[in-house]
Structures are given as C-alpha cells and as structure tokens.
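Heads up, the chain below is alone and in the form predicted on its own; it's given as structure tokens.
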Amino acid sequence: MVAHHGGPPEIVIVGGGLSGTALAIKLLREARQALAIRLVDPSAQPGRGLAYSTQEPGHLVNGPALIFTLYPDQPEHFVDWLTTQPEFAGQPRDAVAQAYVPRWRFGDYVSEQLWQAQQQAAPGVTFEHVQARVEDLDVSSSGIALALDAGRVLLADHAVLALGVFQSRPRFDSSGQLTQTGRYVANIWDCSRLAALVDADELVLVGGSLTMIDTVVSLEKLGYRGTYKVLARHGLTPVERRNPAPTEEPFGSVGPPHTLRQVVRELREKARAIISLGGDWQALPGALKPYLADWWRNAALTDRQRFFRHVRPHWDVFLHRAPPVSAALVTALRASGRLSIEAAIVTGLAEAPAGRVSVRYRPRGSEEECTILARGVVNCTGPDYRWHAGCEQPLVHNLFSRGLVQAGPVGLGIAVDPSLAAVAANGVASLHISVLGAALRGTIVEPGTVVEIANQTSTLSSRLLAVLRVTQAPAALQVS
C-alpha cells in the first residue's frame, strides 16, 4: 500500500453490510498510524446490509444470542450488550444468552460498535461513510479509481470488496407486466408490494429456504389469511433449531474423512446412531465447526462441485435451521392446511383471467409440466452467488469484464488467494483489491456466518496494516 501525496494512506471498503463494517471496526481498533478508511454504501447506516436492515420484529437471528459476537476473543460480547438494553432489563443472563433476537437489534449492535471504534481510534486514523454506490473500479500503478453513481470519483490505495449478497432474480416476469400489476413480487424486502397481496386467497412462494419463512412471517403479520403453496426444487425447508451440546468427536479418533462421499456417509450414520439412542441429531452441526475450514480447503475441486450440485440443499437444512418461533409458525400453517410444500421447479409465469397468475412448474422427478392459478407469486429463492453469470450490478459486471477478478473455484463468487487478495483473470493475485464475506462462497464453505466474517476480517486487517507499517506511507490519494 503506497500513498501518493500529503494525506494518510487510504482504504476504501465497498459495501456497508456486516463484513464491510466488521473490517472497518477491526481497522479502527488496531491501526496505530495514520490511515483513512472510507466505507462506500448507499444505505443510511452501515452495519446492517440485507440481513440486518429488516425492521420486522418477527425476522429473528437464526441462533441464540450467545453465538453472535464481533469479537471471537469475547464470545459473550453481544450478550453483554443485550443485557444493557431496555427490553432485557431484569432478565436472567442465561435467558438473554439463549434469546433469538430481532435481526435489526444485531444491526444496532454492529452500528454502535462502529461508532465506538471511531471514538477510540488512534490519532490520525479516520473513518467516513460515503453514502453512494460504486459502479466501476479501475486499477493503475498509482492506485485505484472508484466511480460512484453520483458521478463522483474516489481515489485510494486499496479497495476491499465486501459486496454482501444479491437477491436471486429468476426470469419469471421478463416483460415486467406481472411486477407492474403487483401480482409478482421479485423482492420480499419490498414491504409495500407484500402488503398489496394481503387480500389474496392463494399465493405461490417460489423457494423453501429461510427467505420463504421470512416471507410467511411478514405476510402473517400484515394480516394475510389465505393459503400458501411453496414450490421448492427439492421440497425442503429449514427445520426448527434446537441447541443441544455438541456431540464429542463426531468422526472418532481417526478424524474426518478426506472425501465428500465419506463425510456424507459418516454424518448420516452418526445421525442415525444418535437418534437410535434417543439423542438429538442437532448435536452434530456444532461439533463439525472445528473441521469445516480445513476439510473444505483440502477437498478436491470435484468434491466441491459435487457438494454444490447434490448435497448443498440438504446441507442448508442440516446447518441453517429456523428460529423456534418461526419454525412453529410454518408447522402450524402446514397442520391447518394453509401451507403446503411440493418439490418442483417453476418454469414460467403468465397472466391469467380474473386477475390471476398462471404458474407453470415441473414436479421433481417428472418430465411433464403442471399449471396452477394463484392471486400472486413471491420470489423466495434467496441469494444468488453466480455473479459472473449475468449479475445486474454494474460494479460486478465491470470487474469481470475488465478481468480484474475471476469466478471462484466452483463458479461462485470471486476467486482469492489465501490472504484474501482478489485473483485476476490472468491468475495473478491483486496488490490493490481484496475480498470479504459472501463473495467467498465456494472458496469457503460458509463465508457469511458471523464467526467466519470475524476470521476473515482478522486475516485481512492484519495483512493491510502490516503492509502499511512496512511502507511507512506518508500520504494518500484524495476525493475528486
């Protein structure tokens, strides 16, 4: 990192969700010489991103408060913070630690940590939130130029791509007509469009992940009383999360297997054994955490590809479970007949008479298409990680078209080297661009968890600050 005039070296973080904000906090806390940190994000408040910006109280973190912290060396930091909040006043600490809190409260926590880090930063270490969207990025021998949506240009010494997740956009409504009439909702976070469906008698939800559960929670709170038909590729939906103590040594004294096939086989056998003894198979996910990073790093590319092709949907149900109250809502709706789930692939939508939508789908295992009519359709397919395959974000498109980055090892996200430097199309690791968070999907098996983001920010901040100390850079580029 080499600065280029009278100011301090500058790092620009592109993206103000959890990963980008966590890096800013880490740099502010650990930098000991002059450094300018700019975080560029269009949102009004950094630290929330898509996951933690929802204001719906029923959208909960999908684990107890005890497993959420920005500081791995202080595992109860978030719990400590919650005990100071009015809604937890007087509650036993153990109850607070096991609470599933609204996601916006974790966003509050991250934002407060950012503010505190700014107040406690060393002299000459500064932070600025630039409320804009980066649309293009260019690299030269003198540094980086970032073009913003307002026509402004930022110049910097290093850019960190903390782009978060992008909403999957199936091409169901290519003409846009169904979206315009409100009968197709492409983005579940558009509350006004969801509210417009409250009086419908039947809705089709495409996708069965945690996004679907969030959608049902929102619609029920809005007063929807019709039926839901969920069409999910594998017919799977997250189960209720329980928190038994992790099982001891899930793979025995010999350690984890070396191939995906062996891992899956042994996990199934272990789960059956636990259940046969009256135990809870959910003791397994927590026990796997120490193995995940090394297992994935050492797995053959063919194993990784098989994982995403065949195992990933089952893995998501296994690992990403739903908060108990949310899972209970879905269970009750299924029991009452208001919600049904079918394994199927939606192949198209079309306008139908009487203000309805014709939904074409192919049941799993069948070659024949079926059609049903509904009052509305909601896209619940969740994030899309195949960014290079047609991402609508100008920055992502330009990064790939310029050859500044290449797709990750299984065709997802962005490729990096072990230090999280972006790997260009020519295979060379960048000196100016690094990557964090969801864009590492494929390189890291679960890159978006709070613990994993903390590990990534530790790796990256250490490298950036080490370079800064070595270069003793006296200056940085400025804003034009």
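All residue numbers are counted from 1 along the displayed sequence. Keep in mind it's a predicted model, so treat the numbers as computed, not measured.
The protein also exists as the form predicted together with a small molecule; that form is not presented, and the subsequent description refers to it.
- No member of the trio 25, 72 and 430 reaches the small molecule in the predicted complex with any non-hydrogen atom inside 4.5 Å.
- When the small molecule is considered in the predicted complex, only one residue from 331, 85, 393, 259 comes within 4.5 Å through any heavy atom, namely 393.
- Only one of 311, 299, 132, 195 comes within 4.5 Å of the small molecule in the predicted complex through a heavy atom, and that residue is 132.
- Residues of just one listed stretch (367-375, 156-164, 197-205, 174-182) have heavy atoms within 4.5 Å of the small molecule in the predicted complex: 156-164.
- Using a 4.5 Å cutoff between non-hydrogen atoms, residue 189 counts as a contact of the small molecule in the predicted complex.
- The small molecule in the predicted complex comes within 4.5 Å of a heavy atom belonging to residue 42.
- The closest non-hydrogen atom of residue 105 lies beyond 4.5 Å of the small molecule in the predicted complex.
- Among residues of the shown chain, residue 50 is one whose heavy atoms approach the small molecule to within 4.5 Å in the predicted complex.
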